[in-house]
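First, one chain by itself in structure tokens, the form predicted alone.
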């Protein structure tokens, strides 16, 4: 028997026994007939299917944009889902009006996604800057406008929010008629709904485990619809980012956005925001989990490369038993893991960088953002005076597995940073990799990219020495 999924859709209470593996996009279009949400790429790339999902966190409403083409119904159980229809008011709402005034829509196919993403910005509580408004639509693609008109509309939306000050976002947007007044009722309704629900949708036996769904729903969308699924995204024991001594502990279901917003990581990684901007788009970062990025075993997983350079350790659980393994030992071959199918990734941990530790992440893809890497790489160095004491460098897109460049790392230990040192390190790295030609570039191109990105590491970390 299928479980009963309950959530609020716009201003309507939903209770459905449709398969929890069905994607949210199909539910709103084909079962609720809310066709403003568009079917685009079905891979999370275009943003035409963008929706908002709100949930109670620490007794406050938190709204995130997401790609509904990759989000299973099971992941919105007990939450508030908002489509473009849910933003409609008498006449155009101020976000829609800004798009109209700036001629920011032409064919209109992408427009609902942009409006929903900008509504998410209004509900986010972020500083009301044009830069933040534009960042909120980094997952939305438009083929018609050239974007400048949309950027002007985003600036107008940011201006709408500048008087908010410390007022709670929902209070501000409802009192100022930016979004419908019923948004103010959602917090209490979700609270009552949460008291009705008995945990998450966890079947006793599940053939599939799903976190954010951003990879598995691209790979086998049709299979997942009717699959028996254990939903890990909201599993309490897998969430959170904490610090124990000098060790950072990340729950496997923490999202990329959780990383971006973690005070612990922000303190120890000054360029964290720049690095995380290279990891897909806002709607994907909002649902993509750290554990999923590691376990899908992609040779170009951005977080995998990031964490390899930090010498991360994984904890797996099977029943009452736990097993600890260095991330560098997890990948045995292409998409092959040192992991029992019944084991569950619980946490990822690593030593936080100290005062003399330097870190950098670089990535090149066909598009600057919202794309899979052609080559990505991360470096972590501990310095003693002007000499490298310890080094670890990882690279993706250059081997069948996410590659820790062990020989290159060993060579860098004890070295003074000079142009010759950098060139010698690049030469050693070339002997450790085996890229192939594919849609993201030829093997020779990837070799060139790795060399250039290694130079970029040193230019970022040691600009004067590199010059």
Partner chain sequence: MKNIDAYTHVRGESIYLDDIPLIQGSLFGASFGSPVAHGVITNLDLRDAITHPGVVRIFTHKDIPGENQIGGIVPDEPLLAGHEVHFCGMPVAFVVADSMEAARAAVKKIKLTIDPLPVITDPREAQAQGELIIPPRTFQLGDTASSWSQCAHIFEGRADTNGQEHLYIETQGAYAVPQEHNAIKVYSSTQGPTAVQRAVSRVLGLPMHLVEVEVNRLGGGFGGKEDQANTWAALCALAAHHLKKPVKYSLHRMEDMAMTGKRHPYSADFKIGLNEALKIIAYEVTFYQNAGAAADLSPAVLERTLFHCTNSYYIPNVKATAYSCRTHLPPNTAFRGFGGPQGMFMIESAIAKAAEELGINAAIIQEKNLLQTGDEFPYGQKAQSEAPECWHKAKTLYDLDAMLQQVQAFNATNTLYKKGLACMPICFGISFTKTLMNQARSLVHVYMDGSVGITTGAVEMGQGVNTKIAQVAAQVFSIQPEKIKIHTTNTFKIANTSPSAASATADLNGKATMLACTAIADRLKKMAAEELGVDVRLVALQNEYVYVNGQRTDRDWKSLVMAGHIKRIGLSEHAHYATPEIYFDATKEKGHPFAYHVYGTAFVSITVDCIRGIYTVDAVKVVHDFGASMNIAVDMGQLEGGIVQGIGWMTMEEVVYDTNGKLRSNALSTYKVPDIYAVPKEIAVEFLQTPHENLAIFRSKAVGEPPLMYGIGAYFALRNAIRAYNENGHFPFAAPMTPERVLMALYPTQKKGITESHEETINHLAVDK
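Small disclaimer: the values here were computed from a predicted structure and weren't measured. Numbering follows the first chain given and starts at 1.
Keep in mind that the form predicted in complex with the partner chain is missing from the display, and what follows is about it.
Only one listed stretch (23-31, 51-59, 65-73, 404-412) carries heavy atoms within 4.5 Å of the partner chain in the predicted bound form, and that stretch is 23-31. Note on the partner interface in the predicted bound form: the residue among 263, 91, 245, 341 having a heavy atom within 4.5 angstroms of the partner chain is 91.
The partner is absent here, but in the predicted bound form a heavy atom of 147, alone among 390, 182, 147, 209, sits within 4.5 Å of the partner chain. If you check the partner chain in the predicted bound form, you find a heavy atom from every one of 99, 442 and 460 within 4.5 Å. Using a 4.5 Å cutoff between non-hydrogen atoms, residue 43 counts as a contact of the partner chain in the predicted bound form. Proximity of residue 192 to the partner chain in the predicted bound form falls outside the 4.5 Å heavy atom cutoff.
When contacts are judged by a 4.5 Å heavy atom cut-off, residue 355 does not count as touching the partner chain in the predicted bound form.
Among heavy atoms of residue 218, some come within 4.5 Å of the partner chain in the predicted bound form.
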